[in-house]
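First, one chain by itself in structure tokens, the form predicted alone.
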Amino acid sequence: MEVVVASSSVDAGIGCWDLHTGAEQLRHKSCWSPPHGLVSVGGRFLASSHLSPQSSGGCIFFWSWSKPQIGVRSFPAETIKPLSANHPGTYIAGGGVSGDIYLWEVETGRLLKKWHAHYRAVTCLVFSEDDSLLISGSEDGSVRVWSLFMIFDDLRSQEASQLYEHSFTGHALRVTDVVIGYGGSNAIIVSASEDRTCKVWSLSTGALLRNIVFPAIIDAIVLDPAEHVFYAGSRDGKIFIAALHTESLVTSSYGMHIIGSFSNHSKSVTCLAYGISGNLLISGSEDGMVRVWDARTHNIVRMFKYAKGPVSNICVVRPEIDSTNRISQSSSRKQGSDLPPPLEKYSNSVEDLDAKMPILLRGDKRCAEVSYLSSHVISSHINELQRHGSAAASELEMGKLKDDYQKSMQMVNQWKKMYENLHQFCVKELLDGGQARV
């Protein structure tokens, strides 16, 4: 089952519908989520940022598939608007109004990292397909690419002149949406802005590949699965189709690279999503309607009446289902617990984070942990002992720490060996496959 989930920036709750039958599954209550403030966490549960006019700060809510009420409330250090989760659902990233980005571990709620990403508020966040990169857009008009390997490597982070891999600064106004394609390091990034442009960037070179000027402000974009075109939802109610590789005709009434449009919304198109299976495009609007389109014919397949308020977010999820083809009431339960604990407001000490770092395996919903101490933490312990401890105590502790250091280095060497073996295996498979085709 594929479920369309929609939320609003006013208190209209969260609506869930079966994409292919139109049946409403569940209506969650009391949710005020801003644009990009709703995310499915590994298909196990929903997370939303919450900006109520009755409260000065913001919250982050977790929602179970089985209950309409809020399951878990988190109170971060500042107002968080955009949220994003990696594909297995082990990390949640949040963008603050200060320009900071927060990264939490879902299983424990620990705040793993926080860094200053932009000069103004973060407006959108998205993980790359392999979850190694996080892309952010901001009110300052910039789009930045962050490597999680760099973010978690304290030594490299301290030595680097900047944390980001790329900083795209071509937009003149606030960035409204960002998407990334497939292809690993050769993927493309498309960004939309209130300056009425969408820009296509190369992830490998950082170059601007295409600049497309639209007749109206674009608030939402989505790539088609083949990445021949992308769809752009505008504030005049139209959904534009823009070419990623081919040129549009000079006689196009919309401008270069825009090959068409379609519309049935009476107000601004605020969010877009693509179905997991089938060639279906889903759009949400300020008119309170969610429409499902056949992406080939541009005909409306079905419509969902959300609520009186505007639709601010849409996501397509494939949760677990029970024998009656309904969302399973135990789909989000894990080891007897409905939902994970609340997200931490502040991070723990550096030593605690280094002693227990999560290792993410792509495609695995679990997070394996390994205990070790990084070299700079061990060095700081030794220096502290030398300053304050007795000579005998320092010598004993130093021996223990050196032993821990050797164990951690052995573990690093084992990981390097595993990587080299995996690399050789992949190369061999590619070469054998090429010879077989010949």
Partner chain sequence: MTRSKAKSKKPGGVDFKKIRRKIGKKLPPPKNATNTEIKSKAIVLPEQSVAADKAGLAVNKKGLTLKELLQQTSHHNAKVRRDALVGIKDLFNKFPTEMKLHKYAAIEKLRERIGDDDKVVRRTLYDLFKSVILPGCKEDNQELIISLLMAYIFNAMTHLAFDIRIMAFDFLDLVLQFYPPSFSSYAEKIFQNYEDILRKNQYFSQDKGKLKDVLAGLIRCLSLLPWNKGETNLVDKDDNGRILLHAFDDDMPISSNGFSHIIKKLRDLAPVLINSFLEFTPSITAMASIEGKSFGCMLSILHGIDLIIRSFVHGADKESESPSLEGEPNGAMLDITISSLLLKKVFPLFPLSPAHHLSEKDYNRLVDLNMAVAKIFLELNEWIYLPPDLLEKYLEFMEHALFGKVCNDAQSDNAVSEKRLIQLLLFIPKFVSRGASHWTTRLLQAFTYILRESKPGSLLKLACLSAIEDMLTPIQAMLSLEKSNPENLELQEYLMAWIAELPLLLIQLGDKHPACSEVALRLQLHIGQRALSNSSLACMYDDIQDKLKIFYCTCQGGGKKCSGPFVRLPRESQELSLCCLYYFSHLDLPILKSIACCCLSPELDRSVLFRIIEIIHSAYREGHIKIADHLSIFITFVLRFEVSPEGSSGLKSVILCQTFKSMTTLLCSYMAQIGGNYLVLNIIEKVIIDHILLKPPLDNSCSLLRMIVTVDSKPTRLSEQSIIVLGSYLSKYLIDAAQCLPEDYDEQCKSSTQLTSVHYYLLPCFFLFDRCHKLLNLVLKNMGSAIAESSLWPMSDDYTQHPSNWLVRVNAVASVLLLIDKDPKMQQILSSFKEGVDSIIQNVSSLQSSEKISMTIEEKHKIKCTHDRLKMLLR
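Quick caveat: nothing in here was measured; it's all calculated off a predicted structure. Numbering follows the first chain given and starts at 1.
Beyond what is shown, the protein has a form predicted together with the partner chain; the following relates to that form.
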**Message:** Given that the partner chain is not shown alongside this chain, does Tyr119 nevertheless sit within 4.5 Å of it in the model of the complex, heavy atom to heavy atom?
**Reply:** yes
**Prompt:** At the 4.5 Å heavy atom threshold, is Ile188 in contact with the partner chain in the model of the complex?
**Reply:** yes
**Message:** in the model of the complex, is there a heavy atom of the partner chain that lies within 4.5 Å of any heavy atom of Asp195, even though the partner is absent here?
**Reply:** yes
**Asked** For Leu173, is any heavy atom within 4.5 Å of the partner chain in the model of the complex, or not?
**Response** yes
**Item:** Leu281, Val200, Ala307, Ile221 - the one with a heavy atom within 4.5 Å of the partner chain in the model of the complex
**Value:** Val200
**Prompt:** Which residue, Leu244, Val316, Met289, Val292, has a heavy atom that falls within 4.5 Å of the partner chain in the model of the complex?
**Reply:** Leu244
